[in-house]
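Here you get one chain, nothing else, as structure tokens; it is the form predicted alone.
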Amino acid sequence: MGETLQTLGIQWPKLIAQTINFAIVLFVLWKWAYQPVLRMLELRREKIAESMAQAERIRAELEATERQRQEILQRAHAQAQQLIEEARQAAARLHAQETQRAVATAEQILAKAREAAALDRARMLAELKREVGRLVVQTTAAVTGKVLTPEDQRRILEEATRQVAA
């Protein structure tokens, strides 16, 4: 078998030396190249895992914040609707109060107008009675041709006033 290896060009001392050299290079690479690369890859993997965990925490916080924002918006919307409804009710109450106040004012104005009309009617009636009485006295004086005494004038005036009042 030794001859077959030699015919292939393999020499044992060189093969052993090359194997030792390969083992030394392999050890050196393992110690100073492969180990640091493995450590660097492990650190990188840990950083990526931390980043992923942090991203997941941020996503969860973002979702929680979004839920809170939606809840706040819903509460604000509900409060706004409540305020609008209260404002409508207040406006309706104010409108009703103003309407009642206007009706009361109109009724007062009508009552004062009726009172004023009644006073005017009474004043005009009294004035009419005086004027009719004066005209009766004047007409009576002109028809009879005599000057009426104050007593006659008073009596005729009272008679005319009674007839006008009835």
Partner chain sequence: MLRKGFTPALALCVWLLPWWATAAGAGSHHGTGAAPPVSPDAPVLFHVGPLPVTNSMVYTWIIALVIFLVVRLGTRRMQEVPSGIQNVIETAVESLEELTKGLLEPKVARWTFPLVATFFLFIVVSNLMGLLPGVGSIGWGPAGGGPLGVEHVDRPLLRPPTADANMTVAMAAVFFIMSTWWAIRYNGPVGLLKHIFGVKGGMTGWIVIPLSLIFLFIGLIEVISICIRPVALAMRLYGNIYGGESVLTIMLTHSPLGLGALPFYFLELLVAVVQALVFTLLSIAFIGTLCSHVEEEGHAHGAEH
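These numbers were taken from a predicted model, which means no experiment stands behind them. Positions refer to the first chain, counted from 1. For the two forms, the rigid core is made up of the largest set of C-alpha atoms that agree within 1.5 Å on superposition.
There is also a form predicted in complex with the partner chain; it is not shown, and the following applies to it.
> Please tell me whether any heavy atom belonging to Arg67 falls inside 4.5 Å of a heavy atom of the partner chain, as the geometry stands in the model of the complex.
Close contact is absent here: in the model of the complex, Arg67 is far from the partner chain, nothing within 4.5 Å, heavy atoms only.
> Contact between Arg59 and the partner chain in the model of the complex at 4.5 Å, heavy atoms?
Output for Arg59 is no: heavy atoms all beyond 4.5 Å of the partner chain.
> Is Ala102 a contact residue for the partner chain in the model of the complex, using a 4.5 Å heavy atom cut-off?
Because no heavy atom of Ala102 falls inside 4.5 Å of the partner chain in the model of the complex, the answer is no.
> At 4.5 Å between heavy atoms, is Thr19 in contact with the partner chain in the model of the complex?
So Thr19 counts as contacting the partner chain.
> Which one of Leu41, Ala122, Ala53, Ala113 is close to the partner chain in the model of the complex, taking close to mean a heavy atom within 4.5 Å?
Selected residue: Leu41.
> Could you tell me which stretch in 31-39, 59-67, 130-138, 113-121 has residues with non-hydrogen atoms within 4.5 Å of the partner chain in the model of the complex?
That would be 31-39.
> Core superposed first: is there a CA shift of 2 Å or greater at Arg155 between the shown form and the other one?
Arg155: C-alpha displaced by less than 2 Å between the shown form and the other one.
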